[in-house]
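The chain below stands alone and is given in structure tokens; this is the form predicted on its own.
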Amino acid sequence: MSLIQWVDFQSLGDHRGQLVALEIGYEQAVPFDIKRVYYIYHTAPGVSRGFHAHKKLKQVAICISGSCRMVLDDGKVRESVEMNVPTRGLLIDSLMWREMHDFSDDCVLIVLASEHYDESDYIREYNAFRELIKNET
């Protein structure tokens, strides 16, 4: 089974341009209630980000401008995917190591999160993540 799971958003638009609405409620595209939204932009050349997992938090990452490469790792399988479609979000489940690489100059990555920020939910060391995954199974 692939770690890459996409959430597709409907693009609405006309001759003026395009619009994507992220709605909470009936038939929402995001499979959880959104409690936090943040975005990453102006990432310096050659810089990679992420390098952590979450115990409970789930996220959907959407590259709304430019591109970047996302790496997901569940402790057994490691997959990489190019993100460059603003109507497609990458579902990142809990207990999933993530890394972000190869940001274009114009990259804007928005992240929808299932929980408010909680430092105690982070797993910031890869070996600790692998040990936790090993003990979960």
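Predicted model only: the values in this text are computed from it and were never measured. Throughout, we count residues from 1 along the sequence that is shown.
The form predicted together with ligand T46 exists for this protein as well; it is not shown, and the discussion that follows is about that form.
Though ligand T46 is absent from this view, in the model of the complex it lies within 4.5 Å of a heavy atom of just one residue from 91, 57, 107, 62, which is 57. Though the partner is left out of this view, residue 30 does not reach within 4.5 Å of ligand T46 in the model of the complex, counting heavy atoms only. By the criterion of a heavy atom within 4.5 Å, residue 49 is counted among the residues contacting ligand T46 in the model of the complex. The closest heavy atom approach of residue 126 to ligand T46 in the model of the complex falls outside 4.5 Å. At the 4.5 Å threshold, heavy atoms of residue 83 stay clear of ligand T46 in the model of the complex, well away from it.
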